[in-house]
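Below you'll find only one chain, the form predicted alone, shown as structure tokens.
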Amino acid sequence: MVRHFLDVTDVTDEELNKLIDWGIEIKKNPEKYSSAMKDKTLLMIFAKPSLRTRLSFEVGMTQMGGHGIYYDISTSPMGKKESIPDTARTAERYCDIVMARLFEHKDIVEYAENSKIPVINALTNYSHPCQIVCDLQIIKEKKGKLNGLKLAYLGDSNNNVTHSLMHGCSKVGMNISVGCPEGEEYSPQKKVVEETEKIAEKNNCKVEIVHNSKEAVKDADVVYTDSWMSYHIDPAKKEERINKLMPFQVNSELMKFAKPDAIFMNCLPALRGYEQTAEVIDGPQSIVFDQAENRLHAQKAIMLFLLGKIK
């Protein structure tokens, strides 16, 4: 049966840990996988701007002997002149695997339901599973383990990265503390909170939502933030959101509440002076570019796994 990766919950806890370890192995021994995708083609569908996603997937396929096709949805009939199911049924006749970076999560679900080849969610408004595999990989590389660590996420938490971090951390036994303003607009979706609390209970870790940045960061091993202006946010709301989110900015004073050896992460792109200060993102605790590099290795592991090349 074809496997898709649309959300972190699409893999078991064991499979997620294996993906992380495979990413580490592929990073150490890339030549071992240099022909693993020989004669394979990846279709890359983009509805949103991209730097890391396009480069990491296309370079990943090239390094493994395969080929990536970039397909800009603005020049596509998909969802307009042609239905999403018809697009999926056509693409599967030419390609071996698909990744899509779309706005609506329901669109990638519909695409996958009509595809006989694996579909990877490279970002929707609900989840960003590839990013979280990469994130957990770099944390394990830097800290030597995942189970029992604490990750503090600060800022706008009603977004794809927060949702996937909550799922991912709870599945590998990491505690996660989400610090965000009160109110539905800035908080993780209730469904995600309920799901992750059940997973965390099973794996003996904690998921908490707090509305105080110092409380969230206290004794954290990892401090993580993301953009305050996601692609789906109306630019007219910028000033209002800055005022609301500024108490959750990651700065050097806030970092003092984390453990002395805490690492700082941002999935990028980042705006200095907004979700974090320049002294933090450019400082010695920041690993944001090591984190970005791991998109390449983690996504190689995901593609190989879905195509049955590693088990």
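All residue numbers are counted from 1 along the displayed sequence. None of these values were measured; they are calculated from a predicted model.
The next section is about a form of this same protein that is not shown, the form predicted together with a small molecule.
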Task: 4.5 Å heavy atom contact with the small molecule in the predicted complex for all of 41, 118 and 300 - done: no
- [ ] Just one of 253 to 261, 28 to 36, 65 to 73, 266 to 274 has residues with a heavy atom within 4.5 Å of the small molecule in the predicted complex, so point it out.
- [x] 266 to 274
- [ ] Quick one: from 171, 101, 150, 163, grab the residue that has a heavy atom within 4.5 Å of the small molecule in the predicted complex.
- [x] 101
TODO: Give a yes/no on whether residue 87 approaches the small molecule to within 4.5 Å in the predicted complex, heavy atoms considered.
DONE: no
TODO: Look up in the predicted complex whether residue 128 has a non-hydrogen atom within 4.5 angstroms of the small molecule, and give yes or no.
DONE: yes
Open item on the list: Check residue 52 for me: does it contact the small molecule in the predicted complex (non-hydrogen atoms, 4.5 angstroms)?
Closed with: yes
